[in-house]
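Shown here is one chain on its own, the form predicted on its own, set out as structure tokens.
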Amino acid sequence: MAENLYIHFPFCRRKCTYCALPSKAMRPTPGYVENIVRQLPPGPFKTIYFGGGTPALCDLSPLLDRLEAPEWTVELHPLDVRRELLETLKAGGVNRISMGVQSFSDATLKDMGRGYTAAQAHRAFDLIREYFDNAGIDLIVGYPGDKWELEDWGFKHVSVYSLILEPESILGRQSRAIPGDDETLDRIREIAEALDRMGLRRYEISSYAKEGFECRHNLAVWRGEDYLGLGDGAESGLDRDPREKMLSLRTRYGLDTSAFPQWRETLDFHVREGLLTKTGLVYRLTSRGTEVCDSILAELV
């Protein structure tokens, strides 16, 4: 039985211009949450993650009454954040919040269709911190014309994602040019350095956290643990092939090749190239290696 649970809520106020995920600009379907409740296994779970879409558009009470886990994350949109909701989530056992900010530029937020300003997002995050110590944000790098300086709002966790121009997204259909890989990588380096000065250490290619505030759910996925996905658009990773443990190379903890001697020749080559370091049988990415991790992993498949 999977020890990690992901529940997807596909409903949004509106479709963001960059988004090609399975989400819909519509009111929640009647019975959506109740249907998920009927599918729930008995548990227990080590981690629970509510993602979207926008989970808070649904009445989450039936799930809050049924679930518990040492780490329970709910994604929030800044426009969701209000005291009543935060009190309900906390009383229900949620102990970690991830808020999608995406940019600190008002012009970019408007172009994305996010519906709030950077100042409004900041106020929302301050309110979250009154209820949840374990709180962080998501950011996107590489949006056309996006320019902003990273602000320290007291994050415990920040995820920084490179924009992928999906043809089926609004942005993709507009045929707008996005920054090239070199420019995006330079920008990510700048942000990583700024986060480091704030005390947030990179523990996975796209994720930074204060010590002890790493997202356990995401680490479970990268380490090859089983996870159950429920809801429209959710995927499960059950009975995962041991080779999927190669994804742990994405993390600062590295890839232990004790059970996979066939990978070592390839990995040793990348050690000599300066893309990996090696401690015993454990391989870890260097700063340069984080930029080409997917290519390294492709050689191991």
Partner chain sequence: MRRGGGSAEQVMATLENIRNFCIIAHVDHGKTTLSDRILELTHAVSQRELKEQTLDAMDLERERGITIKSHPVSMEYEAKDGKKYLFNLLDTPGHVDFAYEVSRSMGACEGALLVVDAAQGVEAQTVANTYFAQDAKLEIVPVLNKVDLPGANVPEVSREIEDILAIPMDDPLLVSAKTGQGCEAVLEAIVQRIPPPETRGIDAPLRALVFDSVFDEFRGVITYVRVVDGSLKAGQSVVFMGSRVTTAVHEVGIFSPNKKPVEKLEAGQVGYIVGTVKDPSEIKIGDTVTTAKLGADDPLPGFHDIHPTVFCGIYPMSTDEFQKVEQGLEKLHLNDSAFTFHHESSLALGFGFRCGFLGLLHMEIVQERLRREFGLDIITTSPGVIYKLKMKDGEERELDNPLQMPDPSALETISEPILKARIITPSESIGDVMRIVMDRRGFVEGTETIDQKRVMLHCKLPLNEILIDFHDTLKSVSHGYASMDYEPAGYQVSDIVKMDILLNGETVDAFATMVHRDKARSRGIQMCKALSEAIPPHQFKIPVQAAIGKEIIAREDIRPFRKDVLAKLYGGDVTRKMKVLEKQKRGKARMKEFGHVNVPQSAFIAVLKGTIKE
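Keep in mind that this is a model prediction, so the values were computed, not measured. Residue numbers count along the first chain shown, from 1.
FYI, the form predicted in complex with the partner chain isn't displayed, but the following is about it.
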item	value
Partner-contacting position among F132, F213, Y161, F104 - heavy atom within 4.5 Å of the partner chain in the model of the complex	Y161
Position in contact with the partner chain when the complex is considered in the model of the complex, options E273, D59, D256, D65, heavy atoms within 4.5 Å	E273
Candidate site R189, Y227 and A298: all three near the partner chain in the model of the complex by heavy atom within 4.5 Å	yes
Contact of T290 with the partner chain in the model of the complex (heavy atom, 4.5 Å)	yes
Partner contact for D80 in the model of the complex: the partner chain, 4.5 angstroms, heavy atom	no
In the model of the complex, L21 touching the partner chain (heavy atom, 4.5 Å)	yes
The partner chain contact in the model of the complex: L247, any heavy atom under 4.5 Å	yes
Listed range touching the partner chain, judged in the model of the complex by heavy atoms within 4.5 Å, from 162-170, 108-116, 82-90, 193-201	162-170
Within 96-120, the residues that have a heavy atom no more than 4.5 Å from the partner chain in the model of the complex	none
